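In structure tokens, the next block holds one chain alone, the form predicted alone.
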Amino acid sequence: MSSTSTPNRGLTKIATNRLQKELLEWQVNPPAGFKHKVTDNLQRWIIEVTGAPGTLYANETYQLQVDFPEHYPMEAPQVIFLPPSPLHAHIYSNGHICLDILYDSWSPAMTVSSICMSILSMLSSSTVKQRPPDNDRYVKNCRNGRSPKDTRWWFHDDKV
């Protein structure tokens, strides 16, 4: 079974070709600690994340949902944790992730694998399990399905 078995509405040919290439690369050489859950939807990937050994998240498993926009890779995908999301100072309880490469620092040279490795690195470098200080306010303001891509993020702390 392949994620490419049915046509996907909403993606350009460039985006479809790029995602098929990334999916094939993933199948041949998956990043350590990640598993792609196969579906028939090329535009939405569900990825299982396992915390790295020797970290606060060792052997814990979470799921990422990656939604690809029509003009991927020129536009960043939307990446969120599905519930329950890890307790981390840059991950909100609604699954939104405060990570610059998902927003302002996105580059078309990035791939799903590079995003996953950045998220794993962010988790692995954490020294404490806690929600962001503004979690409750942020989550309340995100009701009704607001995308994290609609947030004006303030990237001020890369030490967590």
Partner chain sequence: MKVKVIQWHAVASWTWDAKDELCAICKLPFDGCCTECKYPGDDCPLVWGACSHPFHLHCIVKWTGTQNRAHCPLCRRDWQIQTETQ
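The model shown is predicted, which means the values in this text are computed figures rather than measured ones. Residue numbers count along the first chain shown, from 1.
Below, we refer to the form predicted together with its partner chain, which is not included among the displayed structures.
Residues within 4.5 angstroms of its partner chain in the predicted complex, judged by any non-hydrogen atom, belong to 110-118 and to none of the other stretches in 27-35, 123-131, 89-97, 110-118. Its partner chain is not shown here, and in the predicted complex it never comes within 4.5 Å of any heavy atom of residue 137.
Although the partner is absent here, residue 62 is not a contact residue: none of its heavy atoms lies within 4.5 angstroms of its partner chain in the predicted complex.
Remark: residue 74 counts among the residues lining its partner chain in the predicted complex, judged by a heavy atom distance of 4.5 Å or less. In the predicted complex, residue 101 approaches its partner chain with a heavy atom inside 4.5 Å. Residues of 77-106 that come within 4.5 Å of its partner chain in the predicted complex, judged by any heavy atom, are 101, 105, 106 in sequence order.
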